[in-house]
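Presented as structure tokens, the chain that follows is alone, the form predicted on its own.
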């Protein structure tokens, strides 16, 4: 082994020792396959992998990795990410921090809280305003980062404040006015801050009315393509729909290996079995180029690309 290799190996061993000293032995995994943790079911391994079960887990893991100058990737339910076939360098933290408290019409929840679970527990507490989360895969943290929602409602409308770990490893509270929410946008997309928890505001409603709306949301989702996918690949451009534009380019049903542009909805790309991340990304690039050439519209991806890519 070269001297450089010795240095890298020694640094990795030191990181692992420090990590396990702070968070317990046996919890840090090496070269963990990521495909089982993402909706597309593709991608290579995480160099280092950890499941955060508590807010303290999450904070300590991020701080330890940063002290070792190691890249940190936070993964929720992998609903809107494409992991490269070569995997992800550094530490990947699977966020399963799921603490939640109801305070009147407000909900405090940790960032690893499943969105559907949040909506159901709000219903049990007779708090309306979260029904639109039914059928949206993912965690509260990921939803806040991407301001997830439907055409009519977004999580940003329900946020009062967000607790985050900033780049200096300090825990801060950001009010909604400071979060720069927009269509599929928030401040966290341009920072390295890690969302820890959020305070959300709903409204009083009967359980029956909440359940009825939740059922309508679920029924609307049944019309979407089934199978491993990340949901909508592209944001809708102003005044139009990405799916319509891609379909108009004749790309519905276009296939590369195991990856397929859905015949049901052209803004969905499905893993029909054995697809690679490279094939899925190639379809994304093909659709983007075709729409730009025909309509002069540059589509913007909703999905995040994780790991190392050739181009």
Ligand code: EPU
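Positions refer to the first chain, counted from 1. What you are looking at is a predicted structure, and each value in this text was computed from that prediction instead of being measured.
The same protein also exists as the form predicted in complex with the ligand; that form is not shown, yet it is the one meant from here on.
Given that the ligand is left out here, which of 128, 228, 149, 87 has a heavy atom within 4.5 Å of it in the predicted bound form? None of the other options qualify; the answer is 149.
Please pick, from 254, 268, 49, 37, the one residue with any non-hydrogen atom lying within 4.5 angstroms of the ligand in the predicted bound form. When the ligand is considered in the predicted bound form, the option within 4.5 Å is 268.
Looking at 242-250, 41-49, 280-288, 64-72, which stretch has residues with any non-hydrogen atom within 4.5 Å of the ligand in the predicted bound form? Contact-bearing stretch, as computed: 242-250.
Give a yes/no on whether residue 224 approaches the ligand to within 4.5 Å in the predicted bound form, heavy atoms considered. Yes, contact at 4.5 Å.
Whether residue 199 contacts the ligand in the predicted bound form should be assessed with a 4.5 Å heavy atom distance threshold; does it? Contact with the ligand, no.
Does the ligand get within 4.5 angstroms of any non-hydrogen atom of residue 183 in the predicted bound form? Output for residue 183 is yes: heavy atoms within 4.5 Å of the ligand.
Contact flag, residue 235 vs the ligand in the predicted bound form, heavy atom cut 4.5 Å: It does: once the ligand is placed as it appears in the predicted bound form, residue 235 has a heavy atom within 4.5 Å of it.
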